[in-house]
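One chain comes next, on its own, written as structure tokens: the form predicted on its own.
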Amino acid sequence: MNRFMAWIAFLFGATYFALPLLGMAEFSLSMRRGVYSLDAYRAVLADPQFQATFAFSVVMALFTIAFGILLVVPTAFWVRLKLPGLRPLVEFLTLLPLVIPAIVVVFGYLRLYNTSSWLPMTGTAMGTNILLMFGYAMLALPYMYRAVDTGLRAIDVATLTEAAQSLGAGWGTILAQVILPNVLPAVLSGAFLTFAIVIGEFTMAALLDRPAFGPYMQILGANKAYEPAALAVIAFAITWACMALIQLVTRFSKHARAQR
């Protein structure tokens, strides 16, 4: 009976989420009257603005991932190795982006870093891009930190560090050649989540006036009918591809550890 009810609940949940997606996909194929076609997808993919905004967001995602790794991996490693008493505080701080709205953060950025402030980062495109990258890293911090922290829990950090130090390795070598390879699947999981967040983010990119993919989706949705549905399907596919890669990396890492 319990198993039957579990399947009923699963089917209800799957139907609840799948039907709107199927409806959206069906609508995106209905641009040509009376027949299903990929015209909306062709129109979106051929749009130079789509190509430019998507390329911009991909580049920003890569820089955000690199910055997040450089920030989170040493921090999580040091807290776990030397400052375990600060773990509750660090976990609390990394959760703040979930409760502070992005619009509050970006208005703070505009107030602190406008052209009349002590550090006018918004005065140039490069400075604004760097500011946007910091904002993206903040939004992804809860996911990146927990992914890396979970990876560190799975290994004996203290023993690996002591062994590397006994062989004469410095802190940089320990992080780059000992710790990072052992938590690489966790880091990649955080990286894929960061990529999905950056691709779909709207508020910060719009208010900082950057040519990102999220604002482009909003502008297209306000002026077109079928193309926004096609774009939503594409964005959804990208997000689920990231999730699938996380599962693949996790399964591969478990298989590799089982063979050792």
Partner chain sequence: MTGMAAVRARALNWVGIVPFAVFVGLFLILPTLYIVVGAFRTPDGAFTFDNIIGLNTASIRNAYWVSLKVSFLSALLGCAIGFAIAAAITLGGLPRQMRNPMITFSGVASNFAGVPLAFAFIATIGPAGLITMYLRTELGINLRLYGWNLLSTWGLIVTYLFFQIPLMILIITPALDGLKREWREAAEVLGATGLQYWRMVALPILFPSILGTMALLFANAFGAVATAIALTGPSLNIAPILLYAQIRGDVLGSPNLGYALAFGMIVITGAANMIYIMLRIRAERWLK
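Here the structure is a predicted model, which means the values were calculated and not measured. Positions refer to the first chain, counted from 1.
Same protein, other form: the form predicted together with the partner chain, not shown, and the subject of what follows.
Contact annotation: the partner chain lies within 4.5 Å of heavy atoms from the stretch 73 to 81 in the predicted complex, the single such stretch among 182 to 190, 73 to 81, 161 to 169, 148 to 156. When the partner chain is considered in the predicted complex, Val90 lines it closely, a heavy atom lying within 4.5 Å. In the predicted complex, Ala176 stays away from the partner chain, with no heavy atom inside 4.5 Å.
Taking the partner from the other structure, the partner chain in the predicted complex has a heavy atom within 4.5 Å of a heavy atom of Phe27. Using a 4.5 angstroms limit between non-hydrogen atoms, Pro120 is distant from the partner chain in the predicted complex. Only one of Met60, Ala40, Ile69, Leu207 lies close to the partner chain in the predicted complex, with a heavy atom inside 4.5 Å, and it is Leu207. Residues from 11 to 25 that approach the partner chain in the predicted complex with a non-hydrogen atom closer than or equal to 4.5 Å are Phe12, Gly13, Ala14, Tyr16, Phe17, Leu19, Pro20, Leu21, Leu22, Gly23, Met24, in the order they occur in the chain.
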